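Just the one chain here, the form predicted alone, laid out as structure tokens.
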Amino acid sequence: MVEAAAIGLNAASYVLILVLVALGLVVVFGVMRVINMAHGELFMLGAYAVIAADGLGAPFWLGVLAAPILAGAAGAAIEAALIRHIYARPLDTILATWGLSLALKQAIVLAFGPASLSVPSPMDATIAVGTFAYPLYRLIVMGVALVAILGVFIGFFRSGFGLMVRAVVADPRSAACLGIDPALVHRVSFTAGAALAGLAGGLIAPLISVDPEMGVGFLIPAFLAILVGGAGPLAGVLTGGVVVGGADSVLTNWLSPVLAQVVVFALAVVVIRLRRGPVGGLR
């Protein structure tokens, strides 16, 4: 029972971080129809923001606060310098952001070196219920991620800006005639998506090894979560995140990480096929 509770909570923490990363991808794709291949590197920037803060002797939580700010600022710069000029050409955006991801990884190698780094957990406290004890920091990570996810849903479905976003997605020209600036909506959406990735990277930095290739390890599962849940409604990302992230986290307790990922990929293919199938699809 204790082992099952630990496995379930570990899976929940991984799922919430994965959903944060996937939500950033969905926000950008849903609003701008841009597939950002550098999204994993924005996640990486968030983790390295915490590494840099730790190296400077700054409080850990200051590094976590800086993570979405740094990633969001990088996203705004990317949108202004690159994306806004080619976002109407999907293939070009894929190639451009893929090249950008390589450049960002090399920049991190030059700044921090190619070796894996780590940052100590900000707290050693645990929450005990009977004989079961669980790290407090992991619970805080889940709480912060959940608040951020709820914030995204409230922002897009219960706010004036969300109404403007949906108007631009439905018909940019009509939205512009009503006084909405589509370029501003695109800029804010891309920045928000980047900030979500940065926040996820900053939160998970004490729990994993931080290295220049870490973004790929979350970008691929995030894409799978979107494919499983559907890139249209934001709620679909939650379903995809639970299926992909939950299965991956649970299976690694009994299988090797590589074999667990193979099983998850196969499961994702089956779910996608059933959802898109002409009969009995998960729609």
Partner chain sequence: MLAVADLVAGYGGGTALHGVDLTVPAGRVYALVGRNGTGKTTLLRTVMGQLAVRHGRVRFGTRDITGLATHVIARLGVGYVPQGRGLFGHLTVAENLRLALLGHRIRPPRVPARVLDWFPRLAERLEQPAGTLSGGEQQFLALGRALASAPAMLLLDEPTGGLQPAAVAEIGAILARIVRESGLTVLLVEQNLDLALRLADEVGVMAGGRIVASYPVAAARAERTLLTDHLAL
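In this text the structure is predicted, and so the values were computed from the model without any measurement. Residue numbers count along the first chain shown, from 1.
Another form exists, predicted together with its partner chain; not displayed. Remarks below refer to it.
Only one of A103, L91, C177, L110 lies close to its partner chain in the predicted bound form, with a heavy atom inside 4.5 Å, and it is C177. With the partner omitted here, the residue from L136, L163, L95, L117 that has a non-hydrogen atom within 4.5 angstroms of its partner chain in the predicted bound form is L163. With its partner chain omitted here, the record of contacts in the predicted bound form names 164 to 172 of 197 to 205, 83 to 91, 127 to 135, 164 to 172, defined by a heavy atom within 4.5 Å. In the predicted bound form, D181 approaches its partner chain with a heavy atom inside 4.5 Å.
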